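Take a look at this single chain, the form predicted on its own, given in structure tokens.
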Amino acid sequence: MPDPASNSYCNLNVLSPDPICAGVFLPNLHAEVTPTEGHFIRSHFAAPKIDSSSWTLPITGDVDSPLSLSYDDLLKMPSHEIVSLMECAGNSRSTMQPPAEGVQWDNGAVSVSKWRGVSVKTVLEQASLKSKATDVLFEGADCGKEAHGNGDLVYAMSVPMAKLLEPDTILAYEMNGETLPEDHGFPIRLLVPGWYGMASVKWVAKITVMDHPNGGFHEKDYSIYPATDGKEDATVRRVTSLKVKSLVSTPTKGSVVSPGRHKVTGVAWSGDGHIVKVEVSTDDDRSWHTAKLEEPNGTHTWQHWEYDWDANSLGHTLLRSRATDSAGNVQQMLAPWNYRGYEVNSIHSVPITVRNS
């Protein structure tokens, strides 16, 4: 069992030691790229012990030329590098009311890393796809029991072919210039930029090309089940692309500051385009002010922002941030409730006290 007090996790807020689930501390979101030891971790099952020298990756199903690739085979293929944000689908779940079941993430299940690997497109082209192929199933080497599942389960997700044929969707073997760590999927993990992290299967052990979505346990689990009116079922859909979102990184919840000028900082991102505006409210939603926003520095990463706040009124207040992306999506005050607490992109509200020292 991992030790949450060990050096391995000292930069993270450990919510579950086994399997390890650990989030970042919001003041650490200032970096352009998150240090590997400070990247959030979400595991469904214990990390498997894999020897890369004997590991192989079969690619079968609706292909004309089935493959079995070794770790060295992948390292020798043309590589592709991408800086990409990853956010757990359950990030900010603890803020949803009424409470939703699952790991009670605050807002720390988000990070940005530099990933290197082989484009999935490159591998699939070597296997020669059949014309009927529409989806690809990625199965991990991790397995175990889920609280609401039956028997032993293998973590598995299928991804539509259109998303996989984008060059930035890769089978990653490096993270921030180093060999992929065990907690992040060594020897190989899938990386699906612009989608929530549940699609980026770790410890990939098998790839199967299909003519339909898999529809297995984890795909059903990572779906939006909205509230119904008791008369008919609401539409259920899979969790996929990231919602527009921003977070206040400093000052932090519960901070006490003295009167005067203070810099409010944070990050913003979206799976549907870059961020074009971040607004900050320092008076509990009564007025909003445009923050200074950095230019996009990549297709799939976050953008930092800052705002100079003149804290002239003593007492308690709420700082809030609201992002707008290039597709016109605006962060909402409250995300719609759903049974599993996914896609929570509610406006981040941070209680602050202004008090004379």
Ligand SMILES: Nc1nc2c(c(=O)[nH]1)N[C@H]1C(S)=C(S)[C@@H](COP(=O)(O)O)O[C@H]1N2
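The numbering used is simple: start at 1 and walk along the sequence shown. For clarity, every value in this text was computed on a predicted model and none was experimentally measured.
As for the form predicted in complex with the ligand, it is not shown, yet the points below apply to it.
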Contact assignment for the ligand in the model of the complex, among Val112, Val201, Ala268, Val136, heavy atom within 4.5 Å: Val201
Residue among His274, Arg189, Lys163, His80 with a heavy atom within 4.5 Å of the ligand in the model of the complex: Arg189
In the model of the complex, Val248 touching the ligand (heavy atom, 4.5 Å): no
Cys88, heavy atom within 4.5 angstroms of the ligand in the model of the complex: yes
His184: touches the ligand in the model of the complex, heavy atom cutoff 4.5 angstroms: yes
Tyr222: touches the ligand in the model of the complex, heavy atom cutoff 4.5 angstroms: yes
Option from 315-323, 286-294, 60-68, 34-42 whose residues, in the model of the complex, bring a heavy atom within 4.5 Å of the ligand: 34-42
In the model of the complex, residues of 140-177 near the ligand [heavy atom within 4.5 Å]: Gly140, Asp142, Tyr155
